[in-house]
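The form predicted on its own is given below as one chain in structure tokens.
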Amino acid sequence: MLNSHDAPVPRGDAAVRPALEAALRYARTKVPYADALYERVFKCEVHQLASGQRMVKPASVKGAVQIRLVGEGGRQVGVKAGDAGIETLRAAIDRGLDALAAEPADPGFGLAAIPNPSRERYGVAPTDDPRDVDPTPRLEALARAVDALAAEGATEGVRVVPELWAWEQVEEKWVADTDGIFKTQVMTIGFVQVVFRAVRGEVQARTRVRFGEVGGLSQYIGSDGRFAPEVARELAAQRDVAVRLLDARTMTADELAGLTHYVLHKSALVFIHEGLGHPIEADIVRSGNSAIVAPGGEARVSPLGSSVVRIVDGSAPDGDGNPMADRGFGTEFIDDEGVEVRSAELVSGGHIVGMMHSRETAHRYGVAPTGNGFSELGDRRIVRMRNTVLCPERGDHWVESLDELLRGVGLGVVLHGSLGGAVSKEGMSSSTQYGYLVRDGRLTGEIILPGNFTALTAGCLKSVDGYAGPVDSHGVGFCGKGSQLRRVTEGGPTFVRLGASPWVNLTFEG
């Protein structure tokens, strides 16, 4: 983690800090404990529709405060305020006190201590700060580059129509409490999503690719209007797949029945987030809505996976699975309770060994908080994932190449991409973008149409038996929980092999 003296100070700190401190002094005269979170987000973005209509929004700012009041007997409420002005905050506290009086006692409620209470500053200073430099030329250049790339993919009788959604935002937050905690964070996040639609007559096919990372849009497109080489390569590859999908097919009933293996590309690992991440969030566990962990914290399923399964939530990993403090679309240095983010090992050797915690759930389970308590612009703080990744230990099960991983696969399918997932207590489902058949240990050129991949939480990891390629948190997305959205990733090695089992299934429409 970067040193405190390297971290930037949020803009307006000279006004925000005294306002929060004054509000908390007032709250301390009314309740034993209170804390406050002020979040402010500056955003610039561009949308381009399939029609070619382009909308550029060079600046928008949103902000809100969440104040938590903790009374006697474990009574507690959260109240939202629209800005960090002292009068607004005092009025919010007064509203909260009225609500607190009506709350039932909860003797088990408490908040675990905030580690490293003396450190105040976290984050990374923006480069080419969009609050100071007009971002419009870069946003326009990004759209033009996508248009040019799509045009290069057209063939006789086939058009490639692009859609674009991209943004850069500077996120600032302040966390303070009545015990004297005061912490701030500044983060810049860049996001690019491109959809390629291949059109031939009445037939269409599409692919979607996303990039998201700490840092601005300059990491994707340079001042010369050209994509970074690795971005250009991935976009071109997904464009060409969209064209190939015009001639793709579904798998036959005999092929599906005869499958010996599923091989998931890192872009198709959303089941790690949906089916294995949510059930290990401590608030979901405590509510009784986890299929794999009982409300008391004991594993309902043991082992959960094979001996080569290890899952970690935290900062994005490097290729060997080691956390990198300042990388990953879901990464932050502190959560919205002021807890420094640390990696939480969830599954090791196939067994559940930990959970993701906020300060509240950490107190209830008697453990240290993991930095998983997050809010969305003034909403209450709940347990959220960050970068949730399969990070296996090294061994014979982890090979270098896909060719090595496919040895011994009689009939398999390599699945790529996801257009989203849905989770239930029992498991999850996600729509794959495409696949390739594997026959007798070799990848064929037979491309498969989008399907629906389902995984039952209690058993899907038991059939994981091999990996290939470096670890990457490739699956950039947005998680909705309790009406709040949060940026997240999921990932693992480039390829993950699962043996066919009753716990996983692939289906096609029609």
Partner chain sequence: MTSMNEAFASVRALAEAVRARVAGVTDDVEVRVERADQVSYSIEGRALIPELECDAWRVAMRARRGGRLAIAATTGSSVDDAAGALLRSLSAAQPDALEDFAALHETPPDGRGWDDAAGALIDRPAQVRSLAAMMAEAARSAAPNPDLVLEGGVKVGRTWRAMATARGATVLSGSTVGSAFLMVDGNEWESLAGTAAPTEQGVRALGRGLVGGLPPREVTVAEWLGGPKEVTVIIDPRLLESLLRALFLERVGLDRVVSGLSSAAVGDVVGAPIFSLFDDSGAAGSLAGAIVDDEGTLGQRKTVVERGVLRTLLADRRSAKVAWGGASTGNGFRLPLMAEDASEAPVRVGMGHLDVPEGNTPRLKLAPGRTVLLTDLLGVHSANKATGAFNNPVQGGVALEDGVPVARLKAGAWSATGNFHAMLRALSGVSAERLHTGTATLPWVAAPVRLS
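Predicted, not measured: the structure shown is a model, and the values here were computed from it. Positions refer to the first chain, counted from 1.
Omitted here: the form predicted together with its partner chain. The next part is about that form.
- Although the partner is absent here, Val146 sits far enough away that none of its heavy atoms falls within 4.5 Å of its partner chain in the predicted complex.
- Using a 4.5 angstroms threshold between heavy atoms, Phe42 counts as touching its partner chain in the predicted complex.
- Contact annotation for Lys57: at least one heavy atom lies within 4.5 Å of its partner chain in the predicted complex.
- Taking the partner from elsewhere, Arg442 is found to have every heavy atom lying beyond 4.5 Å of its partner chain in the predicted complex.
- With its partner chain left out of view, the stretch that reaches within 4.5 Å of it through heavy atoms in the predicted complex is, among 348 to 356, 150 to 158, 409 to 417, 70 to 78, 70 to 78.
- For the options Arg249, Lys425, Arg233, Arg226, the one in contact with its partner chain in the predicted complex, meaning a heavy atom within 4.5 Å, is Lys425.
- A single residue from the set Pro135, Gly328, Gly305, Gly321 has any heavy atom within 4.5 angstroms of its partner chain in the predicted complex; that residue is Pro135.
- Using a 4.5 Å cut-off to its partner chain in the predicted complex, not one of Gln238, Arg244 and Tyr467 places a heavy atom inside that distance.
- Looking at 462 to 491, the residues that come within 4.5 Å of its partner chain in the predicted complex, counting any heavy atom, are Phe478, Gln484, Leu485.
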